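To begin, one chain is listed below as structure tokens, in the form predicted alone.
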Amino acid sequence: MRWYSKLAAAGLAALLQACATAPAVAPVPAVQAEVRAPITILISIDGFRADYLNRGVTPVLSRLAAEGASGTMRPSFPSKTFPNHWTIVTGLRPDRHGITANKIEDPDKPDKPFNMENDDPKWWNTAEPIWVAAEKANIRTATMFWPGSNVAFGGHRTGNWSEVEGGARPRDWQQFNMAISGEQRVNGALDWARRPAAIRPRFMTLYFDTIDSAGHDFGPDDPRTTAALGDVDRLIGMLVDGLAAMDQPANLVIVADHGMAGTSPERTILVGSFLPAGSYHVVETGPYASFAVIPGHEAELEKALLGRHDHFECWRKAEIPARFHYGTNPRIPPYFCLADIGWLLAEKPPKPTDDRGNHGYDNMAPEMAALFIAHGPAFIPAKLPAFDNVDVYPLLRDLLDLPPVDGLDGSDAVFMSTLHYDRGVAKR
């Protein structure tokens, strides 16, 4: 046998002997998958009227409603975007939290009004939002758009528009931009959910505006608005599937800020057709109109303005009907007119291309009713009676295990029959 053959034979014998005598190697234990704690995601679908769910184009939302808690939600008055988004996250009506309209004038600085792009904390500081309450309790939060979530709550402006001293925001937040697509918004929220537990938000918001835009542009009954419903439903499905793929349980609270009513240029009333020229200053027009008086013209203005008119009614702010819970805040102008559903008050003659839908009407009108669906491990399936949107904030506190607070305009009582309390999600 050649030398290398002898060496090979000896090596083979040694290897066989080792295999025969070596103890068995213990198997490598499998890597245990992370058990993820539930998160809460508050989702606004702007302008999703409650009965849109019956159009047969929202299979994902309809399934979530059937498996969870759902019902008709009444917006607060006025049924506008910014007042109601702030109500949902503070538990206070607009008359108390101070975001009383989409446009507000400061009596001391009427040339610098609040509008939907304003993030000066002075307008927002009256009522603490849920993400600030959560962060104070060391609950990490993140907002993929929500009116007011970009504001440094509690801070104050020190110089130009970008200089704010102090204040609190969510740990992660995104500045609203309509150019950011629905898919990008959902993927952003899913990326937050994929984070390691130490930096994963336990509370998030997500916001979609396309249904509201379609309702304004085309009207609530137009096929293009129905198509927008289907597209947002697809995005909700993308979110649900993404969470399931990472085994992330989530309590989804899906809301709308208001509904939508059909409008027409033929149902427009010019304020100059019934008010004396030079007697008033217009603050806002649309489904409602608000006015300040030019000093010295009070009697003249009130004679023409106050009372019931064809298709609208006007009041002094202190005499707005009590059921609206509106009229005591100093930011509300002295005179207020509310149009009948489908009618508009305007300063200028309408154009044929004007919007075919609007909101801001009587918050009790069926056309203003808003979507509400709650789905997840905290919820037992239930059909809820109609309720006010001030009740959502105390529900969010329950889901985050924050203690109850006094002084709210709403209550979690309507949700008691649908909440689980045995999963470590909503505790007392």
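All residue numbers are counted from 1 along the displayed sequence. Keep in mind it's a predicted model, so treat the numbers as computed, not measured.
From this point on, the text means the form predicted together with a small molecule, which you will not see here.
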| item | value |
| --- | --- |
| Stretch in contact in the model of the complex with the small molecule, which is absent here, among 285-293, 343-351, 233-241, 77-85 (heavy atoms within 4.5 Å) | 77-85 |
| Non-hydrogen atom contact P170 with the small molecule in the model of the complex at 4.5 angstroms | no |
| Contact label in the model of the complex: P220 to the small molecule, heavy atom within 4.5 Å | no |
| N329, heavy atom within 4.5 angstroms of the small molecule in the model of the complex | no |
| P94 within 4.5 Å of the small molecule in the model of the complex, heavy atoms | no |
| Of A299, A197, M178, A245, the one that lies within 4.5 Å of the small molecule in the model of the complex (heavy atoms) | M178 |
| Contacting member of A227, L270, M116, A304, with respect to the small molecule in the model of the complex [4.5 Å, heavy atom] | M116 |
